[in-house]
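Quick setup: one chain, the form predicted on its own, written in structure tokens, and binding and motion questions come after.
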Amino acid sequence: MGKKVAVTGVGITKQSSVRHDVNGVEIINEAVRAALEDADMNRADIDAVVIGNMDHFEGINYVEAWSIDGNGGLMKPTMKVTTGGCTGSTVAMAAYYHVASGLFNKVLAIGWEKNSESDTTGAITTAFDAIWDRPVFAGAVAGLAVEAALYMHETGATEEDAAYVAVRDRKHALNNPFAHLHINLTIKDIMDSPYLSWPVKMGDMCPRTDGACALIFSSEDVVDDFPMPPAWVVAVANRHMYTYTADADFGSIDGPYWMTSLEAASKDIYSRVGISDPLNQFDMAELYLPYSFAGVKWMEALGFTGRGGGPELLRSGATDMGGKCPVNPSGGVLSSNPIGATALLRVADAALQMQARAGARQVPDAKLALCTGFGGCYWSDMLILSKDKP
């Protein structure tokens, strides 16, 4: 058996469209200092560092090396992880595994991005197969639009159903002082926003954000050294796949309907933790929803409702603050998207919820949280956090 692992320090930077006040090293250090201060630690207390971002966006490789003055890894084991949009959650899982293995007691996990200095569209387009897929894509939006159109065709879901997600998450973000966007929108506002690639509109999409996040993962052997209550990691899981746009089923055996990697990761992690009714067993969820339609379709892959039940679930208010399982009390990806940190922010906000430190966005008496990361070619990461030691 490995060691039990907990999040014992959280550091989140100011998130905005442009952070002219800091360079890459400095924004990383801003998050690191905040996490160390939160845990009442200094750099010498850290055993190892895991860091990640979408380095090909900025066009600068070896972030673990050139950011050494900011990331705290000087003369320590320092590792880089890059897995597309789910980099942040993979960084979290890597840090978790390093501590759970018993190799280290305290590992610093860092995710960051300066999207204001990146070429996101060019980088994403060239990630796809040069012969079969690349001519179809123009960044992330086109692929998401294909998925959304297929889902609407199969289920009868509407653009208004997706707009509900965009309204919900941005309403939640109004209670998050770290969020990039603080805008109170209506479904009409979303529906009136311009199309980017039908049926996806401007209001359906996440922003481009400069920001960073750092978490400290600690062994059960040392959690008593920290001033804050721990947020325990119960389990992690991930599934990676590749998707050709021409494969209309998006890798699923059931047609153009399911999020296969998320479904498989869900079944894996739920079976190990004893989750049979996620909507009622989880107290809240921080989900990587890069566009509004994901907040409809992917709830089905997560088992929160049956196939085709996403719209009804949303309209019931079950995922709103005050509902059965509030989704994205932080405002989620639709409100802040520093890509290398985006999925790590899901874990950070869930940890704050488990520690009852989420302020105005706190879910009362939250004890069990679900986090997800999305990226690569429809890859899915999952983590479950608990207030109580598993």
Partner chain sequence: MADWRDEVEPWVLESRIKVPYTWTAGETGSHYLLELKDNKKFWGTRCPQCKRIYHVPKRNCPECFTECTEWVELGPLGTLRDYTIMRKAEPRLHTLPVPFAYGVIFLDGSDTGFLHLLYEYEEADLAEGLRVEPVFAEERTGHILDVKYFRPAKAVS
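Positions refer to the first chain, counted from 1. Note that this is a predicted model, so its numbers are computed, not measured.
Although not depicted, the form predicted in complex with its partner chain is the subject of the following passage.
- Look at 330-338, 348-356, 317-325, 64-72: in the predicted bound form, residues with non-hydrogen atoms within 4.5 angstroms of its partner chain sit in 64-72.
- Contact with its partner chain in the predicted bound form holds for none of Asp189, Ser193 and Glu312, as no heavy atom of theirs lies within 4.5 Å.
- Mapping the unseen interface onto this chain, Lys114 counts among the residues with a heavy atom inside 4.5 Å of its partner chain in the predicted bound form.
- At a distance threshold of 4.5 angstroms between non-hydrogen atoms, Pro364 is out of contact with its partner chain in the predicted bound form.
- Taking the partner from elsewhere, Ser118 is found to have a heavy atom lying within 4.5 Å of its partner chain in the predicted bound form.
- Proximity of Glu26 to its partner chain in the predicted bound form falls within the 4.5 Å heavy atom cutoff.
- Residues in 329-364 all lack a heavy atom within 4.5 Å of its partner chain in the predicted bound form.
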